[in-house]
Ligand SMILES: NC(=O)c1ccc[n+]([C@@H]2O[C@H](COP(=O)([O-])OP(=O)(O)OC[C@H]3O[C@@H](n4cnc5c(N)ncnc54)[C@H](O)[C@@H]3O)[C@@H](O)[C@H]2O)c1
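Heads up, the chain below is alone and in the form predicted on its own; it's given as structure tokens.
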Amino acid sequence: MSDTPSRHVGRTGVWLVGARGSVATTAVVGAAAVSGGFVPPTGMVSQLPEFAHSGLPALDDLVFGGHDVTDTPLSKRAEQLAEAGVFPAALLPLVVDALRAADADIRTGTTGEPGGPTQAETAASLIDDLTSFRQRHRLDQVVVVDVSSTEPLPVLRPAHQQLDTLEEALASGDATLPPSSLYAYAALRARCGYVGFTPSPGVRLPALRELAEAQGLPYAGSDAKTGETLIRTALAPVFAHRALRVRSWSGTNLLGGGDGATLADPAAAASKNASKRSGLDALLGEQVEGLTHIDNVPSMGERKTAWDHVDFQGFLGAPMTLQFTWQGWDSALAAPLVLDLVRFLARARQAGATGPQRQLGFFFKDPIADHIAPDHRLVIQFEELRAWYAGAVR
């Protein structure tokens, strides 16, 4: 497989970690439904006119596979999502072939539980799955996207700092990597681009970023902004640009489904909150009071509600407030971003890009950047994406 830049990306593999989850299933349904002309591409940035001639891989050139620790068939998961209201049930018979095809390429995943294979053995198995997937479908390239459950913040270890130290630890049988980072390691060793869609550590460990550079691979992350944080990155600059002093910014998130259950764990919620908070502090130029609470409400199913309260001061100390409520279907908000990120990252690799893809910071709460700190302002991020397209790809 050649990495020589061209004007169009051909058949592209999409390897989803958490491939039978709500986001992954909705992405497969969405790709088939949009490419088949059954629904418009609402919510897909890569379908905007600005990117119409950018040589992105076509939606019907995306081939889906992945890993998951559950065995629920995608067709069944799609039925459950349709019953929950994420998308119309009328779409199911139109996309059933796409769901079956993706299901055939989903392999049993790993949770990193002790007592099983060593991490070196697991990585070798994951690399073999990815390589076989690419060869079996004669793909130009594969992009691995981690849409699995959020992990707690990792305890950094010496082996995480340098690639040679990490590989020595793996060779000795040391279980040094969190599950998301083990997948990132396997993806990079299999010469796949990587997207960290969640706040899990993934490719952020210095040793793995070193590996990506050595392999000449692009990557992006982390923690896609789909709702509350998207609105925050649009609104927060208003206060900074108008010299209004924000005294506190608090939020409450109510959600059910798998995410709600995962984030009921305080350690996982801390990882999510750290990601959500980092951009807000950067946008306001200082740390302000206030916390974001995440509450698991099983009766909400796939729905999500976020409520924010902003306490700020105006001229002469006048007290003022802003409140907003965001309600939506988290999977329907996230799935188009998965498709966007795969298409943009695949095009970046085809154009010869390596390392963190700053232009994709538009999609993330806590963007991975190079030595220059990311700009969290939504409009600026979108302009960076457009400038990349105009200058580096066209």
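A residue's number is simply how far along the shown sequence it sits, counting from 1. Keep in mind the model is a prediction, meaning the values are calculated, not measured.
Another form, the form predicted together with the named molecule, is not on view; read the next lines as being about it.
Taking the partner from the other structure, the named molecule in the predicted complex has a heavy atom within 4.5 Å of a heavy atom of V23.
Residue contact check for A334: one or more of its heavy atoms lie within 4.5 Å of the named molecule in the predicted complex. Heavy atoms of D223 reach within 4.5 Å of the named molecule in the predicted complex, making it an interface residue. For T150, a non-hydrogen atom is located within 4.5 Å of the named molecule in the predicted complex, even though that partner is not displayed. For the three residues V69, D259 and K365, a heavy atom within 4.5 Å of the named molecule turns up in the predicted complex in every case. Of the candidates R204, K304, R134, R277, K304 is the one whose heavy atoms come within 4.5 Å of the named molecule in the predicted complex; the others do not. Among the residues S181, T198, N253, T229, the one placing a heavy atom within 4.5 Å of the named molecule in the predicted complex is T198.
You can rule out all but one of 326 to 334, 46 to 54, 347 to 355, 32 to 40: in the predicted complex, only 326 to 334 has residues with a heavy atom within 4.5 Å of the named molecule.
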